[in-house]
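Below you will find one chain, with nothing else, as structure tokens; this is the form predicted alone, and questions on how it binds or moves follow later.
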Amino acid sequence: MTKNPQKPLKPAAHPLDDLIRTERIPHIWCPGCGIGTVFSSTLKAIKGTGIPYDRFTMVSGIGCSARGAGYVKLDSFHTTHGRAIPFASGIKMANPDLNVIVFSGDGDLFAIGGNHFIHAARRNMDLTVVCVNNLTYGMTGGQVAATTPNRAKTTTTPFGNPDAPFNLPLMASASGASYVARWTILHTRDLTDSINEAMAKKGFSFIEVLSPCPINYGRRNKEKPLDTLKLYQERTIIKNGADPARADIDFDRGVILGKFVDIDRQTCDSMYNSVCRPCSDD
């Protein structure tokens, strides 16, 4: 009796395959990087809304995190450096029914793109901004960023960063954001729930996600990926409703996570319509 040759097993479909451009996998992100985890949480949040995918669009700028727009199977835009938010604002104003997500990094959103962030929050543009904060410019060699901790070493601050970093939740809150939260890649369920909640919120929603960069930040500061995750586990405290002014990143003191702001105010669209419609009726 001859035995039938065993057929090779087909790999099981990934639960997020319907949202991923699988032909572009494997991705470019380094081993130990947390961007993939943030990306996965964002896709799970999109899937969890139950909203048809053609009602979403993702916009990114330039950087490691910004490559996410190229991997998602949605209408997506990989834009110029620092300009993700103005691109996203234009899309939202042209089609207010779309759910517009900005997925990018701290360098893109808060250095060259910082002015755009401030004014989009001030106008309360109806956007969901997910910022992967790895404390450095990861893609271009590990230069000092607007979020790099004081005294941390980078390629452009080999003796330590002399400047104080931005407190991103405080900046978002002070600029007028309707929803502000912070999580780490270790808090994936909280992060997914937060992104889902932010997408349902009318107005400017901002979520900062702390993520390791083992190649360009960790290596220069003698911090291994597991060391970073240990900090996320042992030196963070979830404190919803905390004052964003207390949300600076200081692992010696402890870093506050959670939802800091959740308020209701008029969006840019509603304010624009209240001003312009009376004129068009004349």
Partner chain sequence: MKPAVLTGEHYITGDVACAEGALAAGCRFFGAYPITPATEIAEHMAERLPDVGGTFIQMEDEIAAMASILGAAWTGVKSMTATSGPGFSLMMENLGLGVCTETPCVIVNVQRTGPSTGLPTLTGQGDMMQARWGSHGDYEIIALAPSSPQDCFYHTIQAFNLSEKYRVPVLVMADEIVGHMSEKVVIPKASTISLVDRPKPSGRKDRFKLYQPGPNGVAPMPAIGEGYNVHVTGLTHDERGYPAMSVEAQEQMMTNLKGKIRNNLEDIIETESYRLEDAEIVIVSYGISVRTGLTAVDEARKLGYKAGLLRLVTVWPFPEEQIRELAARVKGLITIEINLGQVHYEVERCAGGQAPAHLVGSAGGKIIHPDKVIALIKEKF
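Positions refer to the first chain, counted from 1. Since the structure is predicted, the reported quantities are computational estimates derived from the model, not experimental observations.
If you look for the form predicted together with the partner chain, you will not find it shown, but the lines that follow are about it.
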Among 88-96, 164-172, 198-206, 151-159, which stretch has residues with heavy atoms no more than 4.5 Å from the partner chain in the model of the complex? 88-96
May I ask you to state whether T57 is within 4.5 Å of the partner chain in the model of the complex, using heavy atom distances? yes
Does any heavy atom of N115 come within 4.5 Å of a heavy atom of the partner chain in the model of the complex? yes
Exercise: I46 in contact with the partner chain in the model of the complex, heavy atom 4.5 Å: no
Give a yes or no for R67: in the model of the complex, does one of its heavy atoms lie within 4.5 Å of a heavy atom belonging to the partner chain? yes
The listed residue (M125, C131, A145, A181) that reaches within 4.5 Å of the partner chain in the model of the complex by any heavy atom is M125
Is any part of 69-94 within 4.5 angstroms of the partner chain in the model of the complex by a non-hydrogen atom, and which residues would that be? A69, G70, K73, L74, D75, S76, F77, H78, T79, T80, H81, R83, P86, F87, S89, G90, I91, M93, A94
